[in-house]
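Only one chain comes next, encoded as structure tokens, the form predicted on its own.
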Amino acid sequence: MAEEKPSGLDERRAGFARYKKDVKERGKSFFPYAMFHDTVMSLIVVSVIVGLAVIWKWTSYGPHHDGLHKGLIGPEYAPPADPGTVSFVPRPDWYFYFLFYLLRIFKWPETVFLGTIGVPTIALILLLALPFMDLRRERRPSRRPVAMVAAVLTIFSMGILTWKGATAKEALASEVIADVPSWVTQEKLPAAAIPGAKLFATAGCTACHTYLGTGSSNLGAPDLTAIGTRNLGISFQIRHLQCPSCVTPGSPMPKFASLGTARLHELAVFLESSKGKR
């Protein structure tokens, strides 16, 4: 009578039993060996963090003690945010550079979902599923070519994307400014409104408002394509831009008084000239 061949589960159980027996005969106990190694490594990590914090603090102290002096690692803190700036280029922290550049690859509206959710989610699911897919006990890299190639390619791609994201050159003007000519044509904007349209595109207004399909609607900010049909007036627009919460209590919109009266007037003219797509 033929001998029954052991199943894969039985083989794994037998292998685990051999592993436990080997550990018991030749292995080292958790205390003090493993605990000593963990303690030493923890002290090294904490010492590096404390050292970097001290270097960052004392090299950024500066002669004026204002905290804005750039030290070896960076300033103690950045100057207050200015919502009226037109030259600031937003960049993520360095550990998000890979995702930052991934979004530059998937830059079309229809594919942004892939860059923000699709690719990272697929990678995370594969990482979580790896222990359930690879059940072999073999640990030697030479015996695990598929796993080693996948790991090297992952590290290589992450490194390249991080480097590309760190060195990516951004124009000072927002990419939205490329839509200004179409705004002028579709809205039939007068020449006096064009400077305000360019300022609207570069001052970050489309981060919360939409205009002829450009931008995104956040915090309940309205579409401004036809704001001029309300005939609010130049004076009202300027006062609202200077202090939105003063004109509309409870408004989450930041103040743009730092743009100055001249540029606020340009924005007001543009908004009052926006009568909708014609």
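For every residue, the number given is its place in the sequence shown, counted from 1. On a predicted model such as this, the values are computed, not experimentally measured, just so you know.
In what follows, reference is made to the form predicted together with a small molecule, a form of this protein that is not presented.
Open item on the list: With the partner left out here, check for me: in the predicted complex, does some heavy atom of G233 sit within 4.5 Å of the small molecule?
Closed with: So G233 does not count as contacting the small molecule.
Open item on the list: in the predicted complex, does L267 come within 4.5 Å of the small molecule, counting heavy atoms only?
Closed with: It does: once the small molecule is placed as it appears in the predicted complex, L267 has a heavy atom within 4.5 Å of it.
- [ ] Check whether T248 has any heavy atom within 4.5 Å of a heavy atom of the small molecule in the predicted complex, and answer yes or no.
- [x] Output for T248 is yes: heavy atoms within 4.5 Å of the small molecule.
Open item on the list: Taking the small molecule as it sits in the predicted complex, is H240 in contact with it (heavy atom to heavy atom, 4.5 Å or less)?
Closed with: Yes, H240 lies within 4.5 Å of the small molecule in the predicted complex.
- [ ] Could you spot which one of G213, G27, P32, P222 gets a heavy atom to within 4.5 Å of the small molecule in the predicted complex?
- [x] None of the other options qualify; the answer is P222.
Open item on the list: Please tell me which of L189, C208, L114, V180 lies within 4.5 Å of the small molecule in the predicted complex, judged by heavy atoms.
Closed with: Spelling it out, the residue with a heavy atom inside the cut-off is C208.
Task: Options 200-208, 116-124, 180-188, 153-161; stretch whose heavy atom lies within 4.5 Å of the small molecule in the predicted complex - done: Looking at the partner contacts, the answer comes out as 200-208.
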